[in-house]
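Coming up is one lone chain in structure tokens, specifically the form predicted on its own.
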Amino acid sequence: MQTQDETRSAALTTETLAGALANTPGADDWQVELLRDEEAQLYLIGEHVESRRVVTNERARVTLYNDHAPAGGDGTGAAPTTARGFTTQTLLESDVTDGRLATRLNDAVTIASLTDNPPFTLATAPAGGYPDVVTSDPLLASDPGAALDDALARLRAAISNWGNVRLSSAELYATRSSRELRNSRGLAATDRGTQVFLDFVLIAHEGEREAEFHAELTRRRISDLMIEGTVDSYATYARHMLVAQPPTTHQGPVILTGDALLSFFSPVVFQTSGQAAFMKVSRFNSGDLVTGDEPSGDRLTLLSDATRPWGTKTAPFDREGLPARQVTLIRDGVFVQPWAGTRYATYLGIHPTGDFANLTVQPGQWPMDVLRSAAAGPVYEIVAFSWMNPDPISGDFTVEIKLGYRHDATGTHPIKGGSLSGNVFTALAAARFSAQTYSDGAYFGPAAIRFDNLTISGE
């Protein structure tokens, strides 16, 4: 297999695009991000390989900034101030070789001139350079195809240990990527990394009854798929789907585990952003308790960490060229600072921290068996939702339960169906974090969080 350097386009380069942008009237600032992915793909139907592919994808994301007088002035009768508009275009090699580049860039100037934003500046190269971060798996970087073959053999072997569970389908992608970033302020940076994606569906069967469970994992290195343990977990879930019953209506303690946690925290991520602060929709001010009142449970500590080894959002620099950092946003339940790129940092008069990266939550001290304790009544544990998408402003959510468990005096019983509802910020005021940790590549934190008072709508 050829390397990326051997297969890269001779036409689609940062030098070509930078030169064209410098000669485009109205392109007052610009940024070019050149992306190259070389991906080995493997598709299975049942146990049989349906197809193998090697795909190379090259494209450039060009962001063009146009400075102009705002359409309506500033509303005070004074001379109009400068406004900044911008637009991002995806360009392919054919845009250069077929002579469309100048037209595309002139069109981008027109689009950018129609938007009036307060001015802001682009990032410049950091004086200390960029930090070294760990994002490239040697196994994937050297031979993605061989790495997928090994992963497939392990997947098949792990599933064969489950007598009444079979593989319905699977997709495996191994990617090695490179990124070049350049802007009109003299910034130039490059990085490389790898990624592996595994998507599979298991079907459990008992007599004529069948139930399936879907797994989807993205990691930086292939060992982090933990294939054997992952298969065991999802095969267990598929078996439990066969016997799961609808939950009864419940208001009280509910535990969230695993994949649901990243989505659960999405309103917190937005509310801690510079964008939310500038729009005046953030509920947080520096020094405030994020729960409003003193929490009755554990205090939340939450970080954005672009330096964490093997994180799927780890990189030496973000999409604007800001260097990777670990940024504490909430410490011991108190809001510390917002995260922001150059635009919103300029508007707020703060130092830019960069894009939000890997969500990192400090674990607690609670053993899993204590969190599941049902001494005072039933405790529900939810391991999978159909979709978890809380409102970023209010924090309210209502989500269908795909699979969970009811822990009570009679034991543990699988449940499915019904819905879970509540409010993220209210729930965090009475939360207990597990000592056991979990990561899905973008979330690093407690494997389980118990909330004292959520609502399950069931039978």
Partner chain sequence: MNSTDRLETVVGELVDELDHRFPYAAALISGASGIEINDNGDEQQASESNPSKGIVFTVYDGASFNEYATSDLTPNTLARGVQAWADELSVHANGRPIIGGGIASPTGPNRRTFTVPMAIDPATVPLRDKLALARDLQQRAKALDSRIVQAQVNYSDTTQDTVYIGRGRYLEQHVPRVRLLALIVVSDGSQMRYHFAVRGGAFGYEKASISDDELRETADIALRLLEAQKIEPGEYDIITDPGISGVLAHESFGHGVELDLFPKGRALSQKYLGKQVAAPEVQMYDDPSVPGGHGFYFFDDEGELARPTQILRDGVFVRPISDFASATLAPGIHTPNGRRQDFTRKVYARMTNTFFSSGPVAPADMIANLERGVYLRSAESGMEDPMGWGIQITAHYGEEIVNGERTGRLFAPVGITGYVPDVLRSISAIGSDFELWAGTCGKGHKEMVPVSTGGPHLRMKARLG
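None of these values were measured; they are calculated from a predicted model. Numbering follows the first chain given and starts at 1. What we label the rigid core is the largest C-alpha set whose atoms superpose within 1.5 Å from one form to the other.
Absent from the display: the form predicted in complex with its partner chain. The rest refers to it.
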- Mind telling me which stretch in 353-361, 130-138, 209-217, 331-339 gets its heavy atoms within 4.5 Å of its partner chain in the predicted bound form? 209-217
- Ser169, Ser223, Gln326, Thr230: which sits within 4.5 Å of its partner chain in the predicted bound form by any heavy atom? Ser169
- Looking at Asp288, Asp150, Asp143, Asp199, which is the one with a non-hydrogen atom within 4.5 Å of its partner chain in the predicted bound form? Asp199
- Message: Although the partner isn't part of this model, could you tell me whether Leu122 comes within 4.5 Å of its partner chain in the predicted bound form, counting any heavy atom of the residue?
- Response: no
- Query: Would Ala429 show up as a contact with its partner chain in the predicted bound form if we use heavy atoms at 4.5 Å?
  - Reply: no
- Could you confirm whether Glu33 comes within 4.5 Å of its partner chain in the predicted bound form, counting heavy atoms only? no
- Query: Even though its partner chain is not shown here, does Arg100 get within 4.5 Å of it in the predicted bound form, heavy atoms only?
  - Reply: yes
- Query: Can you name the residues of 402-431 that have a non-hydrogen atom within 4.5 angstroms of its partner chain in the predicted bound form?
  - Reply: Lys402, Gly418, Ser419, Ser421, Gly422
- After the core is overlaid between the shown form and the other one, has the C-alpha of Asp132 moved by 2 angstroms or more? no
- Query: After the core is matched up, is the C-alpha of Thr103 off by 2 Å or more between the shown form and the other one?
  - Reply: yes
- Query: Does Asn66 count as moved between the shown form and the other one, where moved means a C-alpha shift of 2 angstroms or more after fitting the rigid core?
  - Reply: yes
